[in-house]
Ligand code: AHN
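Just the one chain here, laid out as structure tokens, in the form predicted alone.
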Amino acid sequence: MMRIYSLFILLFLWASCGGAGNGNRADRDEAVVEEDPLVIPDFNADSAYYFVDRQVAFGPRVPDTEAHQLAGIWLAERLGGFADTLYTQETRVRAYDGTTLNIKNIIGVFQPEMRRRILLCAHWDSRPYADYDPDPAYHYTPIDGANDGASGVGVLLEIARLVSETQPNVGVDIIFFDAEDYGNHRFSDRPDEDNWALGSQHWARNPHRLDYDARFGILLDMVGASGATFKREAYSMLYAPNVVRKVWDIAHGLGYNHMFPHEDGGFIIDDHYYINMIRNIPTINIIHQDDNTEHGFFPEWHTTGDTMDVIDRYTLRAVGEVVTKVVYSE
């Protein structure tokens, strides 16, 4: 009896005092609710469109041309104006046909003191051949590369502007790779291995910092055409499936599930392949894939039709909003 009665008194006192610190727990819960919400800056599609248009205005950005040189200077100035630190990595590489190319990777570093980092990248050169043009007369004509090259750079320049104004909780490195599109001509009989993505191959072996590492990377390629569909590229699923899921979940949460379907695409040799293979940074490729074309990409791919006429602000905004939220959710 005594033991039970004592327990009753203790229970009464416990309840009258709020029971096991319920008041303090409520205060803690309220404090959690009052925490600042995640701040994600607004991606400006008009700004990204301007950055795409400005690149295309230089003309085809083929290595060792005047247009390439002038565009490279402009890109370094723009990215350098946003970044805390700018690196320009100049080197010489040999193309599939034996041509020696002078190329330049352009690298913007944001919050260099932070150890947790994300890599964002795109290629800024354009194809020296319109080898899929319906008119054979243009098969050796350089292309503008509005979607194939400039669109990814345009989106990343706008993200660079946002990161310069509103710092995320992670360091960001933005790289514009050169000589991605100087691979085999369609009608060449030379072997097709490792003659694409020459700039990213060089960077992966010689990063701007010897100890460089990142939690993950995202490559943007052909991210500006109307009606774009971004399937889950196969090398991305092989080397970085968790990153694919993260990005696609965010895309679906933003209402872009029609553009980021849960459908598997093909294996594509692109800059991300060498970042995965050589640098061992899990990196994915957001790239337009189309089952209705001969080559599997957007209809104007590697043709003289890859001009500003194919660029759609809605597509730029969708990709930009998704990648921006990925960065600021870390």
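Not measured: the values here are computed from a predicted model. Sequential numbering from 1, following the sequence displayed.
Form predicted together with the named molecule: not shown, discussed below.
This chain is displayed alone, yet in the model of the complex one of D173, D221, D133, E233 has a heavy atom within 4.5 Å of the named molecule; that residue is D221. Screening L70, A57, I40, I268 for any heavy atom within 4.5 Å of the named molecule in the model of the complex leaves a single hit, I268. Taking the partner from the other structure, the named molecule in the model of the complex has no heavy atom within 4.5 Å of any heavy atom of Y49. Taking the partner from elsewhere, F260 is found to have every heavy atom lying beyond 4.5 Å of the named molecule in the model of the complex. Although the partner is absent from this view, E158 stays clear of the named molecule in the model of the complex, with no non-hydrogen atom inside 4.5 angstroms. Although the partner is absent here, W196 lies within 4.5 Å of the named molecule in the model of the complex, judged by heavy atoms. With the named molecule left out of view, the stretch that reaches within 4.5 Å of it through heavy atoms in the model of the complex is, among 251-259, 164-172, 180-188, 200-208, 180-188. Counting a residue when any of its non-hydrogen atoms is within 4.5 Å of the named molecule in the model of the complex, the one hit in 147-168 is D148.
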